[in-house]
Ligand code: ADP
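What follows is a single chain, given as structure tokens, in the form predicted alone.
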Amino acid sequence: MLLDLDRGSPPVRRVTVLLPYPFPRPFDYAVPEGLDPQPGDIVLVPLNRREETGVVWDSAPDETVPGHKLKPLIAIVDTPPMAEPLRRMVDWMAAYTLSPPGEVMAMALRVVRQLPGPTSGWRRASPLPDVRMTAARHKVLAVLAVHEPIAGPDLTRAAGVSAAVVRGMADHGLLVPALLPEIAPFGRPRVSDADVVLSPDQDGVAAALRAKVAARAFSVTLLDGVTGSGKTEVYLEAVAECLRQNRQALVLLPEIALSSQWLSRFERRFEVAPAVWHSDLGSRVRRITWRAVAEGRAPVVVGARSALFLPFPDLGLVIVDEEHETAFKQEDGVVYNARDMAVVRARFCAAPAVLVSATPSLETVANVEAGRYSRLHLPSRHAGAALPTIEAIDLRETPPERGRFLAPPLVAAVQQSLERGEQAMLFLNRRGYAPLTLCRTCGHRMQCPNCTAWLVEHRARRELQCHHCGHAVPIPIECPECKAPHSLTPVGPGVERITEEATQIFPDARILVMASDTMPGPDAAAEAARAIEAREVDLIIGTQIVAKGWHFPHLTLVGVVDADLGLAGGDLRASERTVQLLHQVAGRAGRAEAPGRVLLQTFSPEHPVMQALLRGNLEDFMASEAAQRRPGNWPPYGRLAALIVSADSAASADALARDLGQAAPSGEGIQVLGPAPAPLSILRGRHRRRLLLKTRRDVAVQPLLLAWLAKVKVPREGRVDVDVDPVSFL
């Protein structure tokens, strides 16, 4: 835009630049001669006394600012621009979550400042100078005579010389630098139907998905079906159609670090590996992947929720696998649900979104019932495998032996499976050795000094740890309260304690523990999967990560140690989450020829969750859940937004929460609950209070929240975080 705001001065072209900081709007900058920035261009600009990277934005400049006060752009960064669909998503997401647009944009711009430049290597000088030659130098030249240019490390390795030899040859003019030819980091997937064998049900569903991709239009489809029904094979057919359309595909997984089997399945189908995006990647791999995606040279990306913000120039398909998983909700920084934002990204890209789950969330089911989403269903397991039988072990009638946690029927079932040469699994969604440590003498409980949480014993590491803030201390020899020696005792089981018990009961079994403590990344997970598939493991003991899509053909028995665990507390979605988790865990059993069996240890076999699992009737359970939520306008039949107040002192937190409570909105279909202490009333040393805004579904919560927050001044020591559509109430 050209403006002449200063009399006598030439017109100044100005643009708005969004910076990756929590500013309320983009900043205006002057455009110097020789530059022609366009919306989406990534630019260097001055900010205070430093240079910052930003994106030329679509908003109009502030015409009231005199041109001579504007700082000029420094440069346009030599990297692909941020495409319009991604810019629109940033603006939409910022407005929806009430986050500063710069903080949302930062998730898409995080690696740009560190993008790799051209890579250089060495070639022979021509002509070669007349210098002293050695045997080592002859080896280097012989390697280069066959192939040049070559990167320095590759050259020293091929010639069998040290890096000092290469440097000396360069100093004497025998070698000169040369740019290496760029190698595509990701191969082009082979799209062929020759080796794909689908059942009639799968084939029909795959054809429907292919048609949606070929239409090149926005749509949302729920792909559901029983565990082991082959949902992955079906949606990979949609990926194949996307590749035929020469568009890019994105697959989101809730735990990308545990996706080794998925990646193997993809490589078998397409003969190349996809691009992978998650937090465990090194910075160099992230930079290479980012640029490959931006240049359209990464046809398929599989990633965690942050992959949503990669710069796809032509995204043609978005798949959210295990869409019900709460791991898709980001709770820190910009608070958002990647499942919902994936639908938004697909809409702005005119692409279909496919939400995949054996246990769909009630939100997704409600969208299907309302006609906003379509549904495709796979009713039976692939290749004729039968669903496992599910039985309850009533712990009131057959309790474990004193000091143990595995009931006799479960012990007998595991023993029988092991004797048949089959694999068994024990599931307990609790890390560590014990969730609580107390003193037998005075009753003192070991609590985190920074959080309202008990310290969890990790016996292998000989420490007590808070799973919320990470605080850890060695296990004390004496009680810190009464000083009684050796009086601290663990209460309740974690997977480490179940492992200890299983080792005593099944001394000959080869046991593998699958928990985030024992499998910290994708390499460890891949090795665990390999060992299980190779039948090097007899008994698997795991937390919730064992429920996420694993396929172990020789696993026939799953025992749930504490099926009631997720039902405690007042969480709105406690029953829904428990039935989803236990159904997914149960689905690991009997996925091949041998039939599967699932045993649930419970004190409440009559609970609706247990009855739904025992009868295999999840649809009736979800209908019952919906019937309970609908009258009170609870999600998905109403809207929720949480205000989380935090401060350094309880008095400050109470005062700020009280002020917000007094300024709370009111009206028909609007209700504010609280203020009240958060379940974790102290977290990382800060005192926390919560207020919850509940409205009818047709009420927009964002304007209510903005007006509400504008009425209350937040003191310097206080903070108010907004969580639209909360899934956690801690």
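It should be emphasised that the depicted structure is a prediction, and the values quoted were computed from it without experimental measurement. Residue indices: 1-based, along the sequence shown.
Just so it is clear, the following notes concern the form predicted in complex with the ligand, a form of the same protein that is not shown.
Within 4.5 Å, heavy atoms only, which of Met622, Leu180, Val226, Val220 is in contact with the ligand in the predicted complex? Of the candidates Met622, Leu180, Val226, Val220, Val226 is the one lying within 4.5 Å of the ligand in the predicted complex.
What is the one choice in His382, Arg247, His607, Arg297 with a heavy atom within 4.5 Å of the ligand in the predicted complex? Only one option qualifies, and that one is His382.
Can Pro100 be called a contact residue for the ligand in the predicted complex at 4.5 Å between heavy atoms? Flag for Pro100 set to no.
Just checking whether Asp538 would be counted as a contact of the ligand in the predicted complex - the rule being heavy atoms within 4.5 angstroms. It does not: once the ligand is placed as it appears in the predicted complex, Asp538 has no heavy atom within 4.5 Å of it.
Test of understanding: in the predicted complex, would His551 fall inside 4.5 Å of the ligand by heavy atoms? Yes, contact at 4.5 Å.
For Lys231, is any heavy atom within 4.5 Å of the ligand in the predicted complex, or not? Although the ligand is absent here, Lys231 would touch it in the predicted complex, with heavy atoms inside 4.5 Å.
Of these, 470-478, 419-427, 232-240, 161-169, which stretch puts a heavy atom within 4.5 angstroms of the ligand in the predicted complex? Single hit among the candidates: 232-240.
State yes only if every one of Ser199, Gln202 and Arg265 has a non-hydrogen atom within 4.5 Å of the ligand in the predicted complex; otherwise state no. Judged in the predicted complex, Ser199, Gln202 and Arg265 all sit within 4.5 Å of the ligand.
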